[in-house]
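One chain comes next, on its own, written out as C-alpha cells in the form predicted on its own.
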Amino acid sequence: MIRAGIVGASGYMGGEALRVLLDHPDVEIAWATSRSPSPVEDHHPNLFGTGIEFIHPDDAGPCDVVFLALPTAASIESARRFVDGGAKVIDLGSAFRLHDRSVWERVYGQPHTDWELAERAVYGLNELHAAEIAAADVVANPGCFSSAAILAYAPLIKEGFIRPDELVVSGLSGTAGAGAELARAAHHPEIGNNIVAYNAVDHRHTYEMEQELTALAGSRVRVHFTPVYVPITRGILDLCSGFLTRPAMRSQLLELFRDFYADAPFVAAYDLDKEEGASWQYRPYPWVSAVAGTNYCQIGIDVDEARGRVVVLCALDSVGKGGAQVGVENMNLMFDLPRTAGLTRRGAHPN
C-alpha cells in the first residue's frame, strides 16, 4: 500500500484529495494536517465516521507521497521538506507551475525561494506529460482554468487549425474554486443571484495556458483570458474561441479530438449530434453538472463557418479534474498504478 499524507487537508482541495484517497484500492492515509488539529468532520462533514484526526503539520512523519494544499510560499517550504525526506510531492497549488522564474516572481509577487525544486517539477497535465510525470518526484498540478483551456486548444494548436495569437477564453467557475476562506464575491448572498467577473486581464492562469500551448505550437501563443464566478459550487466551463487557418467542419474536428485523446481515459469529445431544425441548440455542448465531483472532462465543439471561428467548450470539476482528483491520477502514474485507479466514479444526475 502507498502511504499518503495531505498537508492542508481542512480546505476544499485537501478535503477532496482525502475523500478520493479514502476509496483508493492501493492507498492508505498516513496522516492529514491542519493548522488546528481537530476531527475531520469539523471541516468535512461528508467524512464523518472515517475516524480521521487532523494533526499539526510539524507532526507529519515520513510517507510515500504528499499532497500539498497550501498557500504558495508554504508549499515551497513544505515541498523541500518532504522531498528531502524521500517522498514524492504533488503540489495542488501554484508554487511550481511556471518554467520562467522571472515570470513566476512577477505574476505571484514574491521571490521564489527554491527554484531548483521548481526546475525539477513536471507540469501535471498528464494528457501532455504522462511519461515525465511517471518519472518525477515533484509534480505541479495545473490550475483549474488552465487545465480546461489547454485541453480545449491542444489538438487544434498541435495540428495548426487555429491562429496561435488570437485565442480568447471566457472561464465560468463555481465558487469552490475560491477556497474555503470567506470572500465577499463567493459569499452566497452576493453570488446567489449574480455573476462576478474578476482579474479580467492578466490572470495568473493565462501564463500556464501560454506556456503549455507555446510548447505544442513551436511558436509564441497568445491567450486572452477572463474568468467569471457564477452561482454554482463545483465546476468550470471554459468557452475557448479560435480563428481557423483553413476551413473545417465540426465532424472533422470532433474526429481530431477523439484521436488526440484516444489514450486519455478521462477526456472525452462530446460528440452528440445537433438537433435538426432546433432554434435553441444546446444538445451538442457539455454540462458542468455532468462532471461535477469527478475526474472527467468533456469537450464540445462548434464551428461558425460564416466567420471562420471555432468554439471549444470544456467542462470539468474545479476541484476534480481541475484539482485534487487529477493529482491522484498523477500519483497513479508516479507509482506505476492503473491510471484510472480510484477515479472512475461518474457524476450524479441530477446534481
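Here the structure is a predicted model, which is why all the values come from computation and not from measurement. Sequential numbering from 1, following the sequence displayed.
The form predicted together with a further copy of the same chain exists for this protein as well; it is not shown, and the discussion that follows is about that form.
Engineer: On the criterion of a non-hydrogen atom at 4.5 angstroms or closer, are R101, Q110 and G327 all touching a further copy of the same chain in the model of the complex?
Structural biologist: Verified in the model of the complex; spot residues all out of contact, no.
Engineer: Among the candidate residues I232, I133, A87, L128, which is the single one with a non-hydrogen atom no more than 4.5 Å from a further copy of the same chain in the model of the complex?
Structural biologist: Partner contact (heavy atom, 4.5 Å) among the options: I232.
Engineer: Quick check on this chain: which one of A264, V228, A74, A215 has a heavy atom within 4.5 Å of a further copy of the same chain in the model of the complex?
Structural biologist: Contact with a further copy of the same chain in the model of the complex is made by V228 alone.
Engineer: N46: heavy atom within 4.5 Å of a further copy of the same chain in the model of the complex?
Structural biologist: Judged by the heavy-atom cut-off of 4.5 Å, N46 is in contact with a further copy of the same chain in the model of the complex.
Engineer: R309 versus a further copy of the same chain, in the model of the complex: is there a non-hydrogen atom within 4.5 Å?
Structural biologist: Yes, R309 sits close enough to a further copy of the same chain in the model of the complex that at least one of its heavy atoms falls within 4.5 Å.
Engineer: Would you please decide whether V20 lies within 4.5 angstroms of a further copy of the same chain in the model of the complex, comparing each non-hydrogen atom pair?
Structural biologist: Yes - in the model of the complex, heavy atoms of V20 and a further copy of the same chain come within 4.5 Å of each other.
Engineer: Mark F260 yes when one of its heavy atoms lies within 4.5 Å of a heavy atom of a further copy of the same chain in the model of the complex, and no otherwise.
Structural biologist: No, F260 is distant from the partner.
Engineer: Can you check 74-82, 115-123, 135-143, 200-208 and let me know which stretch has heavy atoms within 4.5 Å of a further copy of the same chain in the model of the complex?
Structural biologist: Of the options, only 200-208 has residues within 4.5 Å of the partner.
Engineer: Residue by residue through 336-351, which ones have a non-hydrogen atom no more than 4.5 angstroms from a further copy of the same chain in the model of the complex?
Structural biologist: Going through 336-351 in order - heavy atoms within 4.5 Å of a further copy of the same chain in the model of the complex - the hits are G342, T344, R345, R346, G347, A348, H349, P350, N351.
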